[in-house]
Structure formats: C-alpha cells, structure tokens
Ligand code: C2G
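Just one chain follows, in the form predicted alone, and it is written as structure tokens.
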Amino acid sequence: MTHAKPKPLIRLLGVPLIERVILTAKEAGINEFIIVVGFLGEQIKEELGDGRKYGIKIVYVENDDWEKGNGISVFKARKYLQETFILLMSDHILDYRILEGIINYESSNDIVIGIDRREPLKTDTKVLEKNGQIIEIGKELENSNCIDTGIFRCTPKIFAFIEEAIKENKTELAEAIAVGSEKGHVGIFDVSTADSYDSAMSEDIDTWWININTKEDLKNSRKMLCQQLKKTTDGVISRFINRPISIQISKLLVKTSISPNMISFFCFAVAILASVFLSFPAYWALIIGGILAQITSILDGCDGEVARLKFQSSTFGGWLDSILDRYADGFFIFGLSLGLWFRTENYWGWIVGFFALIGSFLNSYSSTKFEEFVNKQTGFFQFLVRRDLRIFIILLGSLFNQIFWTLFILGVIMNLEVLRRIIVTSLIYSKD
C-alpha cells in the first residue's frame, strides 16, 4: 500500500492545488470539467468526487500512458471536447481574471496561449511570438521573447495537431502546439498587460499566475495569495497594523475546519467581552477592554481572508459580518458611556455617547453608498474614516484613561465625515 500523494493534492493554504485551480475556474464562470488522471489518480477522484460538493460537474478520463508527455493526456479527452474549451494544468495557480480575459479575448486562432513577458526560468516553456502569432515554442528555445503560462483556449482542432505530433513520436503538448504554430493556427493572449483583458476588468488589480514546481514556488504562491488579501479600501490602521497581523492568523486558520462565519461569531463574542470591561469604572478594566476591542478589529479581517483563501465567500457571510460589526460598534460605545457614568454620574457622558453612536452607524452605512457615488477620477479627497480608525481611537482613549474625550472625538470626527460625504456627493451630482 502506497502513502505517496500525487502533486495535484499538495495543499496550498489549506486547499489542494487541483481544487484551487477548479474553484478559480468556477469563479470565471466554468462549471464543467474534464480531468485526466494517471498515476495515483484514484486519490484525486476520491478527493474531488463528482464535483457536486463544489457545484460543478466532473468527468474523469483515465490515462494509462501517464509516463509519456502531457500531450497524450490532452489527446485522451478528445471525445469529450467537441467545442471550444479552456485547457489548464493542475499545478498552475492563477488569478481568475486571467481566465475571464482569455475566455473573452477576440481571436480567430484555433489555439490561444496565455503568455507572460517575464524573464524565463529553467523550467519554463519558452515562446517566440511576432505580431500576435506563435513562431516557435519549446523548453530549449534559445531565441524567445515570452513564456508559456500553461493556460490555453482551444478548439477541437488541437487534437489534429497532437495526433500529427504523436506520429513523429512527439508526446509533449508544447510539441503539438509547435505543429499548430507552423500552420499559423496559434495566437497569444498576453497576461502581463492590461490591454488583453476585458474592458470590465479593473486595471488597478494585479493579476498573477505561478507554476508550482519546487518548494520555493509553493512559498512564493502563498506570498502572492496573501498579497491579494490586501484591499485598496483598507483604512490606514488596517493597512499598517491590522492586515499584516490578521493575514498571519488566517494562514493558520485555513489549515483547520473553522469556517468564516465561525470566525465572525467568535470576533463578536470578543467584542461583547470588550464592552463589558469598558463598562467597569476601574482603569485596569478599561485597558483590557481597549485591548480586546483592538483584537476584534484585527480578527475582523480574518473571516474575509479565510473565505477568499478557501473559496468560501458568500453574500450571506458578508452580510452577517456587517451586521455583527454594527452590533459590536454599538456595544463599544455603550460600554464606554456606561463606564463613564459609573465614574462621574455626569449626563454629558450619555450625550457625547449618543453622538458617537449615531456617527458610528451613519459612517458605516454611508461608506459603501459613498464609494458607489464617487468615482475615483473626480479628484476629490478620498480619505475615509473607517471602522479600524474608530476602534483604534477607543484603544488609545482606554490606554490614556480618557473616556469622555474618546467619545467626544468619535462623535465629532464620525459626524464630520458623514457631513463631508454628503457635501462631496452633492457637488458631484450638481455637475450632472
């Protein structure tokens, strides 16, 4: 009995490589898969099943000649592929936007290869292209100007090229592509330029791909995936404090069965505990409450990060997280207001607490709407006061033992930010 594991089942941040490729393709709108299996193929079939757990359909094709080139594997699936299809490798991890781009790319060629302009590595298949057509392709190519990404859009014509290559004892896919390129049937899709992508794609998002051949590649792919977790909409505290910490926590959580919604509820429970400590009149309790509040701010990023890394994002999950955050914000303000009352029995504490509460809720409510209204190209000042800053102010106020001024500052900056958004939006609409 063998305990060996096939390469496609190596886990990357909690998800097997082949499953990550499949779910990435699903994000691009692909829901039917033909998987060619060979050595230790039963393990792959056992892991993936028929695809129903992913909401897709999987058909398996056995390749008894798996020791030969990968062109044979593609050829084995020919009877299932009677129309244009996307051909992917199980060990090539990529951004789903690349797939969207190559699917929508206009080309009359029977084969379109995703190419990259970066400097080739020893393991890369090198490509020489000119005016959008493949001139030469091969690992030993000396004169090249790009590399093969292992991402293809093909018509059934590719099987004729593979068959022709097999007759010459050439079994690698690259050798069959070379046959097609000699006949002028192979074009390119440049994944390294935004111009190749569908106009609906955002040009400020870095797309990426990587071929997993070594442990170093696996390490780099983890780094790339984690880099994708950072958001351009992150506030200043999230960008420089919360996100670097939450990503490290999420890298551990993806190895467990903990779901994103479980993380959301745990984060909310910590927020309740923080508000209890904030309500105590003792200074030591205030410090603990502030620290716990900041911990919730850090953990608040983990549910979304784990969801994206494990392809578990859902509309319900995002909605639930938003509701729990609003409840937590309310408990923080109430805890501070109650703690100030126990200390001073001054009604002003409840008044500033009320304005802090209203400002906090309206700030959260108006944030998404404001971003929908305001185009980034308008030239307006786009700094937004976000939840990460609000909670960080609570932490600082707790550490300096200044409950009243914490509530006062929160009330002022939150409501001023809402007022600013109203003014900016009205100015934009007055130009229409």
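A residue's number is simply how far along the shown sequence it sits, counting from 1. This is a predicted model, so every value here is computed, not measured.
There is another form of the same protein, the form predicted in complex with the ligand; it is not shown, and what comes next is about it.
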item: One stretch from 257-265, 137-145, 175-183, 70-78 that, in the predicted bound form, holds residues within 4.5 Å of the ligand by heavy atom; value: 257-265
item: Among the candidates 110, 190, 321, 164, the residue which, in the predicted bound form, approaches the ligand to within 4.5 Å (heavy atoms); value: 321
item: Contact assignment for the ligand in the predicted bound form, among 126, 308, 97, 92, heavy atom within 4.5 Å; value: 308
item: Contact flag, residue 130 vs the ligand in the predicted bound form, heavy atom cut 4.5 Å; value: no
item: 4.5 Å heavy atom contact, residue 171 to the ligand in the predicted bound form; value: no
item: In the predicted bound form, residue 317 touching the ligand (heavy atom, 4.5 Å); value: yes
item: is_contact(residue 217, the ligand) in the predicted bound form, heavy atom dist at most 4.5 Å; value: no
item: Heavy atom within 4.5 Å of the ligand in the predicted bound form - qualifying residues of 234-267; value: 234, 238, 242, 243, 260, 261, 264
